[in-house]
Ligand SMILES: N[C@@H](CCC(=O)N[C@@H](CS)C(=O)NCC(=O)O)C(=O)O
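Single chain ahead, by itself, as structure tokens, in the form predicted on its own.
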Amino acid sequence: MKQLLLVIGNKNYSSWSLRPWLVMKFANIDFACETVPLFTEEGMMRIRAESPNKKVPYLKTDDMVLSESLAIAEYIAELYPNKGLWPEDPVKRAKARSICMGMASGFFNIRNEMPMNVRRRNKPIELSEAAWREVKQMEKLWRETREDYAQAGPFLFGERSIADAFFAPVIWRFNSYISKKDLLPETIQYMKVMLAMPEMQGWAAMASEESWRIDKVEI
């Protein structure tokens, strides 16, 4: 089997790094992981030298270096087709891919106004109208998906999948910046399910041990 090395950014801040890391943890496969500290000269030199898109995360294998979180997730799903990383049903699988693409290409106001900061305890902030529209759009997407597949399990499509990994950073954002009273009960329940996962708790524990800080995020 191929040797896999996932190179990621700071666990506290790097939302795109969390996604493929979770996918690989969901698959329960052997892989190595190295953290490159962002916003340091040494770290950025390594990223520019190794990463095809000059960003993290990227996956190094025996025969290639692959960037982009969704591409890495798709590659792992193809490499390990029996791990259930995408829903087996073709309709569910198509929907899961669709919402992952929507997450990867949208929700810019959520990203800009609520940067991922795993260490941050819940301290609500004032969001713009544009960001609130995206929050409500996200809640609607989660609620409708869960309603369709609730009988299959507690995750978006019943059993956990790449889709849950792709929305995991949003869980941290909502948990850090939005008061629970302003969220739907269905949203809070899904957040509880996600935050209770050993993989999410493990990531949070590692993030808490990091010494790097980005002052503009650590508010």
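Remember, predicted model here, so these are calculated numbers, not experimental data. Position 1 is the first residue in the sequence shown; the rest follow in order.
Not on display, but discussed next: the form predicted in complex with this ligand.
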Among 26 to 34, 157 to 165, 185 to 193, 49 to 57, mark the stretch whose residues have heavy atoms within 4.5 Å of this ligand in the predicted bound form. 49 to 57
Is residue 14 one of the residues lying within 4.5 Å of this ligand in the predicted bound form, judged by heavy atom distances? yes
Looking at the partner-bound form in the predicted bound form, is residue 178 within 4.5 Å of this ligand by any heavy atom? no
Just checking whether residue 152 would be counted as a contact of this ligand in the predicted bound form - the rule being heavy atoms within 4.5 angstroms. no
Residue 44: touches this ligand in the predicted bound form, heavy atom cutoff 4.5 angstroms: yes
